[in-house]
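One chain is shown next in structure tokens, namely the form predicted on its own.
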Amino acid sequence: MAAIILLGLNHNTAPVELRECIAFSEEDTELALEELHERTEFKEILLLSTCNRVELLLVTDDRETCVAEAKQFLAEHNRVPLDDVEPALYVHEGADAIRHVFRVASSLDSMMVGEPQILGQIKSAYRTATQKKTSGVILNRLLHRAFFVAKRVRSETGIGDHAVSISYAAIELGRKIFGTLEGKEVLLVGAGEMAELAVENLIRHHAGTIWVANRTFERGLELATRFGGRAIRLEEIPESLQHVDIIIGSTGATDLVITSDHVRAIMRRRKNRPLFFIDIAVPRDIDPAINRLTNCYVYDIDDLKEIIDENIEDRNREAIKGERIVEEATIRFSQWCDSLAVVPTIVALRRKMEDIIDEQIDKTLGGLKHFSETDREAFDRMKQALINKMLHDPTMFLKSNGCLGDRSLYLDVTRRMFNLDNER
């Protein structure tokens, strides 16, 4: 019987230093799916990698091998010793894995309960899995159900009424540092969704000029133009540091974008005016060593938790309603998964009955030459009717909630009672 396994780490189990080591870029994700798909123990695979979590969602017929191989893969692919990774990993199976997927999609497991970005990130991960053909019948249904559950939680609770994002928290941190953002010049390193949300919040707080530096200059120019800012190339970042007050890093770069050498070179020209860095990227964009320079302050994604906690009480109350929706969906999807195991047993039971009846009919009618083909067809119809009637109640029992407790126990008894797993 195929099992759903979820294995990963997140902001609750691993610090940012470990998460950035395990993070997968878009290209890495595609390569990882291709590599895992070649291994027979992985029937279906989805890989989700965000700034707050890295998770493998798997379908397998061999749980123990699958979990061991997945752990080894996460460590080896990222060149991190397994002993460093394993303590931060969690493993969920069956209903627990299903519930976890639904909670993550609904933003009930996020650092900021109610933040909307995670659903888009899961949809992107699912799109990659479908393109690489690593998602099959079970994960297709599970992910579509997760999207539906997330929509219900968003529409039937107030979880999104005061929703914040990491970008929101970053701007709130900036306000706490300066008292006000009015007139403060801000450099955004990266022009993705995080940066867009940051720009919207900066404008709301009347920030000064917003500079945008992005790997693709065209994308940076588009964002800067839309909000009346100024686009620069990544190579111009060191020079721009002498003009801005706050730098927010949110790229998908694998190496540091701003180093301590960049900052040290411009601090004299800034006349030691304070410079604040808020790094919401994983892997990090900004060198933590900058913190050691005079009047330079670096905050990373884990430092935002205090800001988030102050705004989370209302959303937590609404999250209780969301948990009920998730639990209901988990029960229903688990029942569907159980029904998949029922089908092979019913098919095997029907086939065995057909073989027994066919054998007896052949023995009984084999020597009777006066039976026509029409007579034999009548016996065949009678055979099918008998089997349908005999299997009706057992089928309904195994498919419905008549199985109290562990359905697999009843399936095992049925297969043993009728000797379905051995040659007759």
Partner chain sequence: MENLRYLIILLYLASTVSYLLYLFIQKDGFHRAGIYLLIAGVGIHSAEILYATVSSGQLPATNLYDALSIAAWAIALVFLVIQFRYKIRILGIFAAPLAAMVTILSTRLPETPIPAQNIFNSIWFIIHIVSVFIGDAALALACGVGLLYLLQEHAIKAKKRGFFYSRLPSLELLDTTGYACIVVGFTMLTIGLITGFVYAKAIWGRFWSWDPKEVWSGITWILYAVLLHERLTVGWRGRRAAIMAIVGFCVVLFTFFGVNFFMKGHHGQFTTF
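If you superpose the two forms and keep the largest set of C-alpha atoms that fall within 1.5 Å, you have the rigid core. Positions refer to the first chain, counted from 1. Note that the coordinates shown come from a computational prediction; the quantities given were computed from them, not determined experimentally.
If you look for the form predicted in complex with its partner chain, you will not find it shown, but the lines that follow are about it.
Of the candidates Leu142, Ala97, Leu173, Ile122, Leu173 is the one whose heavy atoms come within 4.5 Å of its partner chain in the predicted complex; the others do not. This chain is drawn without its partner chain; in the predicted complex, the residue among Ile203, Ile177, Val80, Cys337 with a heavy atom within 4.5 Å of it is Ile177. With its partner chain left out of view, the stretch that reaches within 4.5 Å of it through heavy atoms in the predicted complex is, among 344 to 352, 252 to 260, 272 to 280, 229 to 237, 272 to 280. Although the partner is absent here, Ala88 sits far enough away that none of its heavy atoms falls within 4.5 Å of its partner chain in the predicted complex. When contacts are judged by a 4.5 Å heavy atom cut-off, Tyr126 does not count as touching its partner chain in the predicted complex.
Of the heavy atoms in Phe217, none are within 4.5 Å of its partner chain in the predicted complex. For Leu293, a non-hydrogen atom is located within 4.5 Å of its partner chain in the predicted complex, even though that partner is not displayed. When two forms of a protein are overlaid on their rigid core, residues whose CA moves 2 Å or more are considered shifted, and Gln121 is not one of them between the shown form and the other one. Core-aligned CA deviation for Asp109 between the shown form and the other one: less than 2 Å. In the core-superposed comparison between the shown form and the other one, the C-alpha atom of Tyr299 has shifted by at least 2 angstroms. In the predicted complex, the Cα atoms of Glu318 and Arg175 sit 3 Å or more nearer to each other than they do here.
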